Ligand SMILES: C[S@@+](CC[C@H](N)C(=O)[O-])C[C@H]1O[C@@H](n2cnc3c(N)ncnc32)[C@H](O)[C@@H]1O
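We begin with a single chain expressed as structure tokens, specifically the form predicted alone.
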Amino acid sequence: MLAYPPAYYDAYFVGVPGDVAFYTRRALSTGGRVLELGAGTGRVLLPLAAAGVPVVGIEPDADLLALARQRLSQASRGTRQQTCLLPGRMEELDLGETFAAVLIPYRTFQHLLTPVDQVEALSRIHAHLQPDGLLLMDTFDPLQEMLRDGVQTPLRLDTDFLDPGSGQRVMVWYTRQVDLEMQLLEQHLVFEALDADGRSCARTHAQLVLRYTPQQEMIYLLENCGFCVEELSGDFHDSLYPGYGNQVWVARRSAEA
């Protein structure tokens, strides 16, 4: 079962408000080449390149990588010249070069399901950063949702959208279970396509598993992997982090590392 159905990826997985502008602004401020981990179909990567940021994108999912390459092929020549897309996983990163910044947008770090994988990925990211380079990423702590909904939610409607390919309306249903011991969010998604008469005509199932990391644990991970946390915000507009929900991290490769 897929985690990200390619046909519905761009219509459903739309990011967090303000994230593209944030990553573009911070990447431009480094003045150097950047690396994006989990580039998906290029939602963040292509605007970065269009803004003049030289960027390498890494994506482990072959279907999403193919879509990103297709979108890149349709971009301007300048954008194409700024961009390189490669297959790969962040915990296996070995590019033989360093970058001014590493970006991990839209909770992609949470695909690392154990602390061992998290440490391995952070260590490899550290090795791919220039001295004083930046790590920019956003994650999510579901504490508030767990207090409200409990550790298991029944199947419920999440949202709906028009499929740009078929023109059909697609209803998205989901159920979620939380593994408190392993800190895992196990989410089952059902994409239900409706015909012109509003009748169900097709269903696509997806299973998405993410690991959540509370604030102090993330700080511990980053510091022990050679990073100094400079900022933690609750959104992409510099709001105070309330202790749960969106976590927008800015960390710097420690000078002594």
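Counting begins at 1, following the sequence as shown. In this text the structure is predicted, and so the values were computed from the model without any measurement.
Another form, the form predicted together with this ligand, is not on view; read the next lines as being about it.
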Problem set entry | Non-hydrogen atom within 4.5 angstroms of this ligand in the model of the complex for each of 44, 60 and 89 | yes
Exercise. Taking the partner as it appears in the model of the complex, which of 72-80, 123-131, 89-97, 160-168 has residues with heavy atoms within 4.5 Å of this ligand?
Worked result: 89-97
For this session: Spell out, yes or no, whether the shortest heavy atom distance between residue 118 and this ligand in the model of the complex is within 4.5 Å.
Result: no
Exercise. Is residue 137 close enough to this ligand in the model of the complex to count, meaning some heavy atom within 4.5 Å?
Worked result: no
For this session: Look up in the model of the complex whether residue 55 has a non-hydrogen atom within 4.5 angstroms of this ligand, and give yes or no.
Result: no
Problem set entry | Exercise: residue 64 in contact with this ligand in the model of the complex, heavy atom 4.5 Å | yes
Seminar exercise, completed: With the partner omitted here, the residue among 39, 35, 49, 27 that in the model of the complex has a heavy atom within 4.5 Å of this ligand is 39
Exercise. Are there residues in 85-112 with a heavy atom within 4.5 Å of this ligand in the model of the complex, and which are they, in order?
Worked result: 88, 89, 90, 91, 105, 106, 108, 111, 112
